[in-house]
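Just one chain follows, in the form predicted alone, and it is written as structure tokens.
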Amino acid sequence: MILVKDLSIERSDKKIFENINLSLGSGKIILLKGKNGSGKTTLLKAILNLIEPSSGAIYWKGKLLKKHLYDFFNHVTFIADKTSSLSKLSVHENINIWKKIFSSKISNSQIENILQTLKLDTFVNQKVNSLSFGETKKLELLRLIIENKKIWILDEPLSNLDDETIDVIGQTFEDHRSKEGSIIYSSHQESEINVSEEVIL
């Protein structure tokens, strides 16, 4: 689905990375691995057409991505390192907003089960700005299920999460892979998540 070919990015005469190649197809999980500042976020932003590469190209379904962005974004959920939730609204209110925006068919009982699994069920009426970093991150990851899209692109999804929650995320990734979904995510930390390929930056 997504093909990155000979991609290089320079900023202020400094090479962020060069000649990156990767292919993300159905049922594949790619990990972008490297220290903070190694270019992982920059690569994800380039794949999302948020940054113009210095050279190389990105293809979507065999065609140049930038000419087919509408179709691309209809298939993609992007979870940034920073939350997209509205801090002055409650957990429940944010979930309802996301459900409306993405015309989600997820049921209230499914939401309740996920909230319990993530141990967020006791915070549903609390404002997001009262949550910890880890709790906010878990809420953000709930968008993956609400949006129900084939391709997940995530920037540092495991940061600020405890081992139990990382295990839940790993199982969620496996479930998505089993349904022919695709995932590309960045991380600077070790985990037991089973990936198809690692790209070192």
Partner chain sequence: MIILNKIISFYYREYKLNLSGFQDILTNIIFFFVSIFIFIFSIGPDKEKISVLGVGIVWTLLLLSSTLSLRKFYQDDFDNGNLLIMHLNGFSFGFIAILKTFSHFLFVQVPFLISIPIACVLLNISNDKLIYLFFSFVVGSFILSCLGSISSSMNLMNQRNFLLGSVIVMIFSVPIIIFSIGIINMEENFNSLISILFGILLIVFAINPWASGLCLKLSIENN
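Everything numeric in this text was worked out from a predicted model, so none of it was measured. Positions refer to the first chain, counted from 1.
From this point on, the text means the form predicted together with its partner chain, which you will not see here.
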Quick one: does R143 come within 4.5 Å of its partner chain in the model of the complex, counting heavy atoms only? yes
Answer for V124 alone: is it within 4.5 Å of its partner chain in the model of the complex, judged on heavy atom distances? no
Against its partner chain in the model of the complex, would L89 count as a contact residue? Criterion: heavy atoms within 4.5 Å. yes
So in the model of the complex, does any heavy atom of R11 sit within 4.5 Å of its partner chain? yes
Note which of L48, L31, I58, I166 lies within 4.5 Å of its partner chain in the model of the complex, where distance is taken over heavy atoms; exactly one does. L48
Let me know the one among S84, N129, Q110, Q116 whose heavy atoms come within 4.5 Å of its partner chain in the model of the complex, would you? S84
Work out which of the listed stretches, 60-68, 22-30, 167-175, 40-48, brings a heavy atom within 4.5 angstroms of its partner chain in the model of the complex. 40-48
Can you tell me which bits of 101-120 touch its partner chain in the model of the complex, meaning any heavy atom within 4.5 Å? I101, F102
